[in-house]
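Starting off, we have a lone chain in the form predicted on its own, written out as structure tokens.
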């Protein structure tokens, strides 16, 4: 993907609204690792998944500053909810401020804490799950959320190509790369789901839970 192609794509899809543009800009100005924000293209793709699936309940692991949660909430059915979990309590006020300013913010329920502890306590069944949290724990997250996804539901896992590190020197692996590789290798042979990896940004794996 070249910069020119990316710019072409962004000028030929639905525009980013003012609130999301401000959220993206201020994430880059005021927060460490701003690359973690979903951004315009991925945000429109997440919304489109919701338009196609019409989910009533969505679970997100890894809220960060809330861009993806807002995009997911835009595509929800009337009365639907996004449950989103973020471990970093230092960004809670920033994130909530954008939820409060959004017309779909009341569809979002934010949990602050460790997803590995919170997910088992959730009683809901979800139509769609978006995993975008600690890469070291992707496989653990997957095993926790799969029983909570309805048959025919979708799990989206972000960053599954991890800057191409999944195909570089196998003797030089940081913990996050190892976590992504373990997840990718496991789901590749998991017959409970059908799966495909889209080479979008940093890799997006789509998993469909079999009935």
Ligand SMILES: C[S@@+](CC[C@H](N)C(=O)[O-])C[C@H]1O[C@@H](n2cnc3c(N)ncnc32)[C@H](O)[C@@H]1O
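As the structure is a prediction and not an experimental result, all values here were calculated from the model. Numbering follows the first chain given and starts at 1.
FYI, the form predicted in complex with the ligand isn't displayed, but the following is about it.
Visitor: Out of 108, 76, 129, 133, which one falls within 4.5 Å of the ligand in the predicted complex, going by heavy atoms?
Guide: Contact with the ligand in the predicted complex is made by 133 alone.
Visitor: Would you mind picking the one in 122, 104, 91, 139 that has a heavy atom within 4.5 Å of the ligand in the predicted complex?
Guide: By the 4.5 Å criterion, the partner-contacting residue is 91.
Visitor: Looking at 63 to 71, 182 to 190, 144 to 152, 49 to 57, which stretch has residues with any non-hydrogen atom within 4.5 Å of the ligand in the predicted complex?
Guide: That would be stretch 63 to 71.
Visitor: Check for me whether the ligand, as it appears in the predicted complex, comes within 4.5 angstroms of all of 81, 156 and 205 - heavy atoms only.
Guide: No, none of the three is in contact.
Visitor: Taking the ligand as it sits in the predicted complex, is residue 166 in contact with it (heavy atom to heavy atom, 4.5 Å or less)?
Guide: No, residue 166 sits far enough from the ligand in the predicted complex that none of its heavy atoms falls within 4.5 Å.
Visitor: Hey, in the predicted complex, does residue 38 get a heavy atom within 4.5 angstroms of the ligand?
Guide: Yes, residue 38 lies within 4.5 Å of the ligand in the predicted complex.
Visitor: For 82 to 119: residues with a non-hydrogen atom within 4.5 angstroms of the ligand in the predicted complex?
Guide: Result: 85, 86, 87, 88, 91, 113, 114, 115.
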